[in-house]
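As a starting point, one isolated chain is supplied in structure tokens, in the form predicted on its own.
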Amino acid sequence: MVTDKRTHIMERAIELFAEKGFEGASVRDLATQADVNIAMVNYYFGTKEGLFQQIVETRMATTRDKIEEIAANKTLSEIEKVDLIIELYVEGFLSQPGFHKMIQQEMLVTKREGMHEKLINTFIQNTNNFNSIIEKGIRKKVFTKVDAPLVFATIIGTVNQILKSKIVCNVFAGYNKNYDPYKDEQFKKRLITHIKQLIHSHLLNK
């Protein structure tokens, strides 16, 4: 199927962009990585920039839509919404470490201003949705008065620190050179539990 081929190329491209960065990966490299010809890459995405943009827009939109859905859900309490967002980020980062490394690299440069602006705008949307949850909890006196954007930064920053590299992740998980922490369900649960405990202790009135 066309969609499967496009997805396959995008997934292989993420690995290459994470390893070499945008500038270091050529279209020929991308085609080789995906085991397709250059013409197929060009057919689906036009250019290397088009491929990169499609990857970013697709993955970022998925996270943004999920956060919006959580924020709008009237059946959930504010702390339940926070917990779901924590789970969303840990699950997303651990299942796609290459993508998040790619995004981190892109955020450090401004060579592609249009892409940089889209990343920032999506991040602002996610932050605003999280802030609205926290602010509602504060108004209801369920949460203490906290700096909502920095609470969000604490969640993302904790996961980012863990995922700086597999070696760094192994140090926190219990080092073993043959161990893959990104695929360890127990470590994922441990990380989710830790972040929830940290954020609960900071947010909840007792």
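Between two forms, the rigid core is defined as the largest C-alpha subset superposing within 1.5 Å. None of these values were measured; they are calculated from a predicted model. When you see a residue number, it is the position in the sequence shown, counting from 1.
Not pictured, yet referred to below: the form predicted in complex with the DNA.
- Residue contact with the DNA in the predicted complex: K48 places a heavy atom within 4.5 Å of it.
- For the chain shown alone, F172 is not a contact residue for the DNA in the predicted complex, no non-hydrogen atom being within 4.5 angstroms.
- For Y179, no non-hydrogen atom is located within 4.5 Å of the DNA in the predicted complex, even though that partner is not displayed.
- Within 4.5 Å of any heavy atom of the DNA in the predicted complex lies no heavy atom of L16.
- The listed set N42, T144, T63, T32 contains one residue whose heavy atoms approach the DNA in the predicted complex to within 4.5 Å, identified as N42.
- This chain lacks the partner; the member of V168, I138, I38, A153 within 4.5 angstroms of the DNA in the predicted complex by a non-hydrogen atom is I38.
- Listed stretches are 22 to 30, 54 to 62, 158 to 166, 145 to 153; the contact stretch with the DNA in the predicted complex is 22 to 30, by a heavy atom cutoff of 4.5 Å.
- With a cut-off of 2 Å and the rigid core superposed, Q53 has a Cα displacement that falls short of the cut-off between the shown form and the other one.
- Shown in the overlay between the shown form and the other one, fitted on the rigid core, is a CA shift at V27 of 2 Å or greater.
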